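Only one chain is shown below, in structure tokens, and it's the form predicted on its own.
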């Protein structure tokens, strides 16, 4: 029997009445909180408070409790003195690279007093990786896993969607951005969630230039805590300025996005544990070898006089255009292997506060570390070459602009 359209709808209505039951909707506290955190008027202040709490806990746990409270005491009080005594060939080139670069006073080799300043593979290398980076990465990924598990990240994506549309992205681009604050490698991999080639290219380029990894942030918290706010401000401003420019010049489209905003849920310890374990172990498989390799290469370059030569060759650009000491050539070489190691080296160079801000920003926007470089290459060599071309222009233009701002303010 053939039914008319009206008869079919009547049949559907009868079936639904017999099979579907409706309960009374109860507006719970969870629903109220969910609404408050997604509406701009209340959601933006809450997001600022969440991110401020995120940052405060990051600094307190990683820097104060773990690094200063335990690892500094262990490495400086026990590990470094023990290695300085038992490692053979004190003062020769191998000792300098592996244990302690030290210094020469009155013709005698003088030992360093801290692992941070020794710049040996087994001292500074291990201290940076274990004493500074490990606590920073652990607490970062712990807090991120909790925010993901309770369902806050989709709400943050909705809140920031309008702002990110100005640079050709959409709200879910906040995911690779935040992941890159832990490590740029998973951040670049996460750009695959974006729909178009234009969006993926813009996101990958901005991550490689303007987003410092957790290891670098941990070092900044340790060596330039009073300046880190200014450094991050310059990076955020650059992120949006050059993102806006890229959106105008890169062909392609930036479509709207649909996202399911789940209700808030209680985080599960098993889920959080798996996320932290996978991310931390994955990070250290990539990071630790490059930290140690970076110490070796930079130590060899210093011993061969290459760093000093580069400083002389690049002095006109560093001093005249960027307004920083020529000695920053060394950290910039090291930054290709590990940017956290480069920031640590910058802290030993005598310069003004504004020069330090400029130098750290330059290290951040300079060539991506080799692990990020390899990840970008996997995404396509043509996009990598274009991203590197953009990077070269950004470093030269933005570095000079920061110097000009310092001159105008009278602090350069």
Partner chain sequence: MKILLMGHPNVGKSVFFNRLTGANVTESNYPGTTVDYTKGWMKIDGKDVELVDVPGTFSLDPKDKAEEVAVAMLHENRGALVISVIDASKIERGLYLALEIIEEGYPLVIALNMRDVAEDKNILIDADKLERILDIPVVSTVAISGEGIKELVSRVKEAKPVDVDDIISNATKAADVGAAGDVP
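Whichever C-alpha set is largest while still superposing within 1.5 Å between the two forms counts as the rigid core. Residue numbers count along the first chain shown, from 1. This structure is a prediction, so every number in the text was calculated from the model and none was measured.
Missing here is the form predicted in complex with its partner chain; even so, the following discussion is about that form.
For the options 297, 280, 143, 175, the one in contact with its partner chain in the predicted complex, meaning a heavy atom within 4.5 Å, is 175. Of the residues given (101, 150, 254, 126), 150 alone sits with a heavy atom within 4.5 Å of its partner chain in the predicted complex. Contact annotation: its partner chain lies within 4.5 Å of heavy atoms from the stretch 175-183 in the predicted complex, the single such stretch among 298-306, 88-96, 175-183, 110-118. Interface membership of residue 189, defined by any non-hydrogen atom within 4.5 Å of its partner chain in the predicted complex, is confirmed. Taking the partner from elsewhere, residue 275 is found to have a heavy atom lying within 4.5 Å of its partner chain in the predicted complex. In the predicted complex, its partner chain sits beyond 4.5 Å of every heavy atom of residue 209. In the predicted complex, none of the heavy atoms of residue 166 sits within 4.5 Å of a heavy atom of its partner chain. Although its partner chain is not shown here, in the predicted complex the stretch 207-231 places no heavy atom of any residue within 4.5 Å of it. Here residue 15 counts as shifted, since its C-alpha moves by at least 2 Å between this form and the one not shown after the core is aligned. Core-superposed comparison between this form and the one not shown: the CA of residue 31 exceeds or equals a 2 Å shift.
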